[in-house]
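We begin with a single chain expressed as structure tokens, specifically the form predicted on its own.
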């Protein structure tokens, strides 16, 4: 992976805390497996569970609450959700002002960031701490680095070694054409998928939009550190402000579950508007409820509640293929990486 941003060589305390958070996943794996096995043995695929999802979640949750393994899993999960962001912030601040100053050497370079303050943050963004992140994506001056380099690379990668960035690269390669001249990424965040796109399509001009200033600042630094010429904008994906027929590929990676269906529909319509005739759309997101059995849906829904995902249910219930077709994309199909259901990837083409 190309990334010349300064590596966070954490101090001893911060390193130990982050390592502890990452290894909590492995240390509690047998407990989580036991909790799952008990629930599956009780409900099977959930065929006899209520059709109403609220009732279904309530019934499964009440049964699972009786299990010691579930109580341990929930206690550990809740502690992790409340503290992972705070611990990562502390680990960053231990690095000191000199380290923070080093990051600013990448504020200038071949990439650029435009702050369009005329754009108001959408209602679904305001006041929501996605993923239980304390203060939200802009809750710290260096939240982009904290999440992109500490949480993801030093914590999440312990849970899924090498899988996070590799998955982004593999999704990028699923676009129908071998090369693109211009790409719009909706939901750039800290630039992880942007890097995957740059590696998959090295000759493409990449433009990215996102709502988080701090995430975009880190993406800018990643772009500059690696001599990429990315154009980044603080704009909502629903109203990018770009001209009609501007991009050969419009794409996003695991963005849509962060918003209600009404906003997803607007994003697909905007993607269609700015895609050139003959160009492609590729959107990836979480597993669809339609691909899961009734018990799996109930468990996923409960996890989303605990995980700080207020729009997960309606987003995961949406038929993304149908939404893409409704706005005009053709040859729309859904696929996955390998044999697993995650991520759910929808691909389509704008008619020439």
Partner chain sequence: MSLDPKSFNNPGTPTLVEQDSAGLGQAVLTLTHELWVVIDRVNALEGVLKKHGMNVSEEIENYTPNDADKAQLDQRGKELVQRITDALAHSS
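Quantities reported herein were computed from a predicted structural model and do not represent experimental measurements. Positions refer to the first chain, counted from 1.
The same protein also has a form predicted in complex with the partner chain, omitted here; what follows describes it.
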Partner-free chain; cross-checking the partner chain in the predicted bound form, the single residue of 126, 179, 227, 105 with a heavy atom within 4.5 Å is 126
Would you classify residue 308 as touching the partner chain in the predicted bound form, given a 4.5 Å non-hydrogen atom cut-off? yes
Item to complete: Give a yes/no on whether residue 11 approaches the partner chain to within 4.5 Å in the predicted bound form, heavy atoms considered.
Response: yes
So in the predicted bound form, is the partner chain close enough to residue 24 to count as touching (4.5 Å, heavy atoms)? yes
Proximity of residue 288 to the partner chain in the predicted bound form, heavy atoms at 4.5 Å:
no
Among 62 to 70, 320 to 328, 290 to 298, 38 to 46, the stretch whose residues bring a heavy atom within 4.5 Å of the partner chain in the predicted bound form is 62 to 70
* Three-residue site 170, 173 and 246 fully in contact with the partner chain in the predicted bound form at 4.5 Å by heavy atom -> no
Near the partner chain in the predicted bound form, with a heavy atom at 4.5 Å or closer, the residues from 71 to 88 are 71, 72, 74, 75, 76, 78
